[in-house]
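Only one chain is given next, in structure tokens, and it is the form predicted on its own.
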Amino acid sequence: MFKDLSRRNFGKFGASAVGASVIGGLRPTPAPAAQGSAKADYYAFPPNFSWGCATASYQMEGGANEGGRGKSIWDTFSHTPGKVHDNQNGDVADDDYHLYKQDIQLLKDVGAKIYRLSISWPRIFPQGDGKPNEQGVAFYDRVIDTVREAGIDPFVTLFHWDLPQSLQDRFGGWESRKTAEAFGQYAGYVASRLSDRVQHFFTMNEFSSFIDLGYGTGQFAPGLKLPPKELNQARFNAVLAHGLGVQAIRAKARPGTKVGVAENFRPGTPVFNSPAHIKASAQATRILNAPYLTVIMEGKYPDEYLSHEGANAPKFTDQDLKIIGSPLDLVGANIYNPTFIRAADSPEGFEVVPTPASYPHMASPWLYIGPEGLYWAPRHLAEIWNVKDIYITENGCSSSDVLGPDGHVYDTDRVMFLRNYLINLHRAASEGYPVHGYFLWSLLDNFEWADGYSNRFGIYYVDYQTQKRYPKLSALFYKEVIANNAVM
């Protein structure tokens, strides 16, 4: 079978890749005329479903000291010995700062119609607030224009963890309400400059990652280990920033601009689909996500959360909760891991099922395989909070990718992962849950935070020494999915 994937028919896929020695691809297989109704091998999505990829500024942009960009906490953290694998950093990463046109062409080659990218806050406001940096705005003007010229719709995330170092130095970062206020000003400014060409903005990406790992365990920048009371207040300041950002975008953006959040919330996944476990999974989804998504969607903290935290609960006002609960147009779900739930005779009514040592995972030891999450995330968003416009803003996996002597990467494990997750997403869409698009993480191998460059998540392999890009087998699989609007 592999001999059919010769250099010739791996060809013409990604011909514009920067220095790629693999310049071709398989032609997408035409879907059956009935779009899945007559052929069980196809899982056809609704006609208006959108497919794309996601990236993040610090992970792939590079250009750390160019264009007037200020320092971020990840610059500081990654340059601190022992904080990142092999003391690696994002100074260059994928050099997308210089190669963005080629990378956008890769998006076009794979057939993407939507692209989720993030803005580097310190590239726009080098100090986090104050005077904006016009060179930074001009860079994103060029990127957005190139995306649109490629026939791709940009979805912009305003904060993907690269907090300006100045805000950390002056205010303690997310320990301070002043950082939340600075974010609101930044969000409104970017919306005022880009909303003539960007119709979708996400305020924040993954609260639990940049707060719990950055200010709780110290694994991520800025590397702090706050006690529970201070950590809960940092959590509050982050969701307050989201709310202030929503209000600022509403005030400053063009009419019709849509605003949402991209959150790696924990969708309770019933350990098996009995009515009792399904009910427990919905309750678990509300309670497990209390500090972030639940308070955003409901404009209040669940009583169970406040009671559990007691004296360590965050301090807030009714007006704060009103800001945090500002209505959203769409919700993005970053889905990787399952959180299996069973019904229990307890005050909460549920228990999280522990993961056995034998449970399968991808190359990253934390990335347990749970395709069902891509069904339960949209279902819970729709049934618990009545969300009408849902996007999967991240889904993908690491693999022990090896560039072979033939210039190919046969990442069959990633193809397996994507196929199974997308079949579960198809189930959600076919049952009428309002999931309208999917962003694969990620377009390119990149800087994976504390893991540095040791784990690869891209569907394009990046040689970090030469900055050449090579399409993997998963890129060809995804191109087939997009071309047919169906899982093959």
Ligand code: GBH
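The first residue of the sequence shown is number 1, and the count goes up from there. Note that the structure is a prediction, hence the values are computed from the model and not measured.
What comes next is about the form predicted in complex with the ligand, which is not displayed.
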{"item": "Site check 186, 203 and 319: each within 4.5 Å of the ligand in the model of the complex by heavy atom", "value": "no"}
{"item": "Listed range touching the ligand, judged in the model of the complex by heavy atoms within 4.5 Å, from 149-157, 305-313, 345-353, 207-215", "value": "207-215"}
{"item": "Residue 162, heavy atom within 4.5 angstroms of the ligand in the model of the complex", "value": "no"}
{"item": "Non-hydrogen atom contact residue 457 with the ligand in the model of the complex at 4.5 angstroms", "value": "yes"}
{"item": "Partner contact for residue 433 in the model of the complex: the ligand, 4.5 angstroms, heavy atom", "value": "no"}
{"item": "Touches the ligand in the model of the complex: residue 366 (any heavy atom, 4.5 Å)", "value": "yes"}
{"item": "Option touching the ligand, based on a heavy atom within 4.5 Å in the model of the complex, out of 103, 411, 94, 394", "value": "394"}
{"item": "Single option in 417, 340, 301, 336 placed near the ligand in the model of the complex, where near means a heavy atom within 4.5 Å", "value": "336"}
{"item": "Partner contacts for 425-461, taking the ligand in the model of the complex and a 4.5 Å heavy atom cut-off", "value": "441, 448, 449, 457"}
